[in-house]
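Below you will find one chain, with nothing else, as structure tokens; this is the form predicted on its own, and questions on how it binds or moves follow later.
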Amino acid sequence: MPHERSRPEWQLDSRVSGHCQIVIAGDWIARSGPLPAFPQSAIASVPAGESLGIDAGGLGDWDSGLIAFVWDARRMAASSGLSLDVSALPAAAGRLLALLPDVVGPQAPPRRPEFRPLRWVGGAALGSLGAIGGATALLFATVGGAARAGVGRARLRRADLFDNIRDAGPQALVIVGVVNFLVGAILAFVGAVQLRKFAADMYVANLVGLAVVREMAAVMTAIVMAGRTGGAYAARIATMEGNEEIDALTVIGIPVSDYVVLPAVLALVLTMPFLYLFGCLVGMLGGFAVSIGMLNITGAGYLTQTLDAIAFSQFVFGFLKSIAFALLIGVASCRIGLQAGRSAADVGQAATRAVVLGIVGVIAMDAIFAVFADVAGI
């Protein structure tokens, strides 16, 4: 049967052995219900300078509720110029009370937010520069690890590299193919609507082929990989950070950039160019399917127009862009994972940040490539 608790009580015994005592009885358990309070008026009649004692002979079970009551009594006694002797309490209660101050200082008023736009802009700029510097340092460390791996000196496990290549390559073919096929079909739809007005249906093949090879295949493949693989990298490394696996690698002297970051980044760099070429092929197939079904274009005519429109330099340009996108996604995702906190919420935040930064970074880098191509006349 459960133990029946007695009601918590207290009273002030005015004169016991020449001084006042607070007599405490019953079970003082906070979760059992409201506990008696200690008002300031209870000791108003006690002369200043005297000592208050505690009689805990009738005390039963207790928890933090007793500590809160005695602490209130001690603070009120101190404010009235009295001292409270707690030596009669259980030893554990005395140790807990020793951690609490006799007087609670006044709380500082909450600071009002100040409008300092220059300070905010400067802090954001410094934070951005610090993030860029950290990512650049990680990129150089990864490139150095790749160079050491080429001569067999990097601490890179081949099993990790092959696992990352399989995840970033063959397992991503389906989603990359579906996205690029639909993009090619959409380009053919849009092109057909406009070119049909000028009886130039045959140039749909030129439009689709050039747009897919030059821009869309590389960009859409990179966006898919940023959402699929970049987020996974960040979440995986953030989980390792939370499990203190990164700290363990650092303690035993294994470079994190070689053991964790290098396989992920190298796998993306090796697979992204081939995914780009696969995306080009599937995107042109999407345009081919729409053109054959909606326009008066033969398969041979579509193929001839496509081959005439696309120069080999366009493939080289898209190939280089895919490598740059792979480096951006891999390094940024791994950097975000290494900077994550140690809680489960931090893992989700790291994955979200990696996806957002990867997509925005890919689009921004593509704009830079577009400006460069225009200047170089590509």
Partner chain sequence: MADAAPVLLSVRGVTLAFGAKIILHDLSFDVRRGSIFAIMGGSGCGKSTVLRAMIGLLRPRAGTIAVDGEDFWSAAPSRRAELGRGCGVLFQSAALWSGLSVAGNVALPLQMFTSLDAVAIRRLVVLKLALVELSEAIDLAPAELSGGMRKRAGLARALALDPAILFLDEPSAGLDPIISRRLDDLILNLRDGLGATIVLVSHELASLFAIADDGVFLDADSRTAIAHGAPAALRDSCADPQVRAFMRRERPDVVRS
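Residue numbers count along the first chain shown, from 1. No experiment lies behind these values; they were computed from the predicted model shown.
The next section is about a form of this same protein that is not shown, the form predicted together with its partner chain.
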Given that the partner is absent here, state which listed stretch (273 to 281, 236 to 244, 169 to 177, 132 to 140) has heavy atoms within 4.5 Å of its partner chain in the predicted bound form. 236 to 244
Verify the flagged residues Leu249, Gly253 and Arg342 against its partner chain in the predicted bound form: is each one within 4.5 Å by a non-hydrogen atom? yes
Decide whether Arg157 counts as a contact residue for its partner chain in the predicted bound form under a heavy atom distance cut-off of 4.5 Å. yes
Would you check, heavy atoms only and a 4.5 Å threshold, whether Phe181 touches its partner chain in the predicted bound form? no
Is there a non-hydrogen atom of Leu118 within 4.5 angstroms of a non-hydrogen atom of its partner chain in the predicted bound form? no
Distance check, Ala300 to its partner chain in the predicted bound form, heavy atom within 4.5 Å: no
